[in-house]
Every structure is written in structure tokens, then in C-alpha cells.
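Next comes just one chain, in C-alpha cells: the form predicted alone.
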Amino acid sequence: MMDFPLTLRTLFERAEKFFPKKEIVSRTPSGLFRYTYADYGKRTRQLSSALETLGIQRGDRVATFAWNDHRHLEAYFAIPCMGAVLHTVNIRLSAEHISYIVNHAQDRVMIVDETLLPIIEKVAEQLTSVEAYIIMTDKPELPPTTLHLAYSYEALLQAADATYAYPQDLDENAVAGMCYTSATTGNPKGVTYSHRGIFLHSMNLGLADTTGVSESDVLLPVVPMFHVNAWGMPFAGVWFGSKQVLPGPAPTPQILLQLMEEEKVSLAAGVPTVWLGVLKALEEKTYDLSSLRAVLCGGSAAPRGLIAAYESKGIPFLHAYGMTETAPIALVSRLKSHQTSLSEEERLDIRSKQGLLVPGLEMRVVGENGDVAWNSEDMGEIRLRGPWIASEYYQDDRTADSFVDGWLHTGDVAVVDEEGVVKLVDRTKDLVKSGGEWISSVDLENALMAHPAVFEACVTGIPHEKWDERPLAFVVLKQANSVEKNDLLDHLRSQFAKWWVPDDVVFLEEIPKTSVGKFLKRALREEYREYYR
């Protein structure tokens, strides 16, 4: 067979050739911006040309610091197709972590959204590798900034070559992109993605038994483009010619619902906290979401009650699992054909799990005595390998802790049922060990969030003199004082063994979250470490 390199140029040029009339819709500070893949192709090539004029060469890192919009989508292909490396920087990280990852990656150019300029201006003196900044703005002139060597994105494109030719000889194993973990402890860890890995991951997203992305889809990636390639949807969407709707700066649940209704979105992707907010907005106002074939949810385990609530509104809920190191899709929860005749509750039991391993990857679930039995009871750590799974952390001595004998040790603990369906139990560091027995904080959280009065719930282990640790529940109510803590504890007692039930419930106005919307359990453990003493 032909030795044909699997590079992003192939994805990009297919969209130019076969889908020039398809639309991209981008929400910007000036309103909705619409253009076609033909226009997108020209502007993407112009960006590559402009970057080359600024001295960017193969292997150089170019950072983006931006929301989900059309310019960011242009950068997604302009940078790797010319042989450089797309480094998407998390806009919600601390100043210290932003400085660390930009310097650690040695980014030479940074492309910055105008609305995010104040963040970068505050840390610019610490960004020792950055030689120039490109400001993405709707305005014709360069906005005022204290950044040195700042250029207008649009002015650079106007002066650039719209026929810029991409190299044909890129190595499919060359790095195309990189992303850093959001790091709850220590410095973030860098993960690089090869052209080949992104190519195969994008192909996997088009499979009917995974997410089924196709030309007929209208995609809405709510998951940020700075977070694990927006779960790969922008790459797959361009390749397959899907209409893409990019939600722009700081989208609210109401904005997302309006975009879904007006643009006839068929597939939207986001973390559970996003879908909790959208569900709350749906309870306040009716929107026509008949175009939605599914909402894709990942990032952390979705509560069973959340899935049931969407299904009751006729909106299919597609549960998935992955992480920065897996590019990220690794598991997708879909019913097998013989399971479609099960009862509604039995189907919901399956769909609330993280799902089956996607084609192309290999998995082990390893406990204290080796690979666990598929009996829905024995717990073990998920270990993965495959063509889009990272093999190391970028220039980081922590590689040895997570990559062992060719397997990624995910740090996620799970059980597997007899059908091979994986259910995430917890992170190894978040399991509660009480009196020598393990307690799943995820199961408790899901049960609490199934209560009609609860908006969000987080459970974590707190030091205890007698039992080593005891679970403590943190709850945000939909309406203040709508339920008593004993009612919630009784709700749990009806479902779990007595020793699993938290000793107390703390009501909060808001649960602290990481930069990508996950519960920040470390902060709660630290703040409440003396609660049981």
C-alpha cells in the first residue's frame, strides 16, 4: 500500500475542495460573523503566510489565547499545516501557570483575543520566549496595548498570501499541537499531539458508534478550544464539512440555547457543569431544540439525574470519557443493539456509565491483584494505549509516574460490567478511604444531584481521627432553604450502605471549580480539613 502521510493538510484541503459553500458561524463582540469554508481556506492560508513573514518555521510553537471563534479555528489549521506547533493556552489559568507553560513550551508568537489582552499584559514581562503578539479583534485598527511588537490579526491577513502553499513533506509523527493539563497540584504538564494522532482521532469521531460527526451536522463546541482541542470537534468538523457554530466570548446558558435554536445545532459538546446550567435555563424558558440529535458530555462523570432530565425533554445525552493525555476521546456510552429492548431504567443505568472503549484503542483496568474481573464490583485503574494516546509529558520528569511499559496510567478508578462497559468510580486521589474501605465520591455526588432540590453537589474525604477519612458533602441548592440536610442524608441512606453516607452536608452558594469546570476538591479539602476534628 502507499506510504501516505496522515497530516492535517489532508483534512484542511478536503474542506476547501468539497465544502466551499458550507457555513461557519462565529459569535464575536460585534455580533454574529458568517462565512464559508472557501473564505475560511483563504484566511487560514493568509495566517500561515503572515506567521512565516514573522519568522515562524517548522517546529516553532505558536500560542493561542482565545475564545471559540472563527479566528481561533483558522489558527487550528494555519499553524500545524505550515509545520509549526499549535499551543492552545488555557485562558482561565493563574498568571503563574500561564507564564510557566508559555515559557516551558518556548512559544515564539502568541495570538491573543482582544477581550483577553489585560490578562496577557499583566504577565508579558515574564513571557521570556515570546517575540511578537497578534491581536484578534473585530476593529480595523490595532487596539491600545502595552505589549511589545503587537500586530493586528486582520492587518496581517490583508497583507498576506491567500494562495500560500502548504508543504507536502511533513512527517505524520511531527508534533501538530500541544496542550497542558489544568493541574490541581504542581505545574501543568504538557502533552503533544502528532499529525497522525489528530488525523486518526478525527476519523474516530466520525464513526457511528462514537460521536458520528458528519457533513450533515451542525456542531457547537462549548468545550473551550484551549482544552484538549475542543475534544477534537473543530478538526473533525472541518474534515467532514460540518457547519460549525462557535459560541465566542463567555457564553451564558441563554446564549448557548439561543444559538442551538437559531442555528439548528445537531451536536453540542460540553462538561457537566455547562449542561447543568443549560438545564436550569431550560426550566425558565422554552427553546426549540428539535434539531439536537445529542449533547455530548465529558470532562467528569455526568450525574444520572442530569442525563435523565435531558432525556425526559427528548434530548439524547451522549456520555463520554477522556483526558488531556488521550486527545481526548477514549470511551463513549452507547447501547449495544441487544440492549435497546431493556427497560428505561436499565438503559439509563448503562448510559450513565462512561461507556465502551472506542475502536483503535486498547485498555486494561488493573487492581491490586492485576486485571480486574468484569463483574461491576472489582475496582481498578484505567490504563490505555493507542495511536492518539500520549507517550510522555513534554520535557517533564513526571513522565515516569504516568507512562509505564507502553501504557498510560490514567489515575482514574473504574469498574467494568460483563459487557465491557466502564463506570468511572473516582480519581485515585479522590477516593475516600474510611476505616480501610473505599467509598466512591462520584457515586455519592450523582445520587445527590438526582435530588430535585439540588443544583450541584461535591463529595470529598476529610481527615477523621477514628476512621482516617470520612466523606463530607457540599451542596448548592436550586432555591435556598428548599431542603434540610437530614433530608439529603436520608436520600443517600436509601441507596447506600450506612458507612458510605457522609457525616454531614455543607450548603454553599457556589462550589469552587477548576479552569475547565471540574469541581476543585483540593480547595475544599484544604479549607475543611479540620471539620471532623
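Keep in mind that what you see is a predicted model, and the values were worked out from it rather than measured. Start at 1 and count along the sequence shown; that's the residue number.
One more form of this protein should be noted, the form predicted together with a small molecule, which is absent from this view; the next part is about it.
Not one of 70, 217 and 234 is positioned with any heavy atom within 4.5 Å of the small molecule in the model of the complex. This chain is displayed alone, yet in the model of the complex one of 324, 204, 244, 441 has a heavy atom within 4.5 Å of the small molecule; that residue is 324. None of 319, 87, 195, 383 but one reaches within 4.5 angstroms of the small molecule in the model of the complex through a heavy atom, and that residue is 319.
The small molecule is not drawn, but in the model of the complex it has a heavy atom within 4.5 Å of residue 298.
Although the partner is absent here, residue 210 lies well away from the small molecule in the model of the complex, with no heavy atom inside 4.5 Å. With a 4.5 Å cutoff on heavy atoms, residue 427 counts as touching the small molecule in the model of the complex. Interface membership of residue 445, defined by any non-hydrogen atom within 4.5 Å of the small molecule in the model of the complex, is ruled out.
Screening 324-332, 119-127, 383-391, 455-463 for residues having heavy atoms within 4.5 Å of the small molecule in the model of the complex returns a single hit, 324-332.
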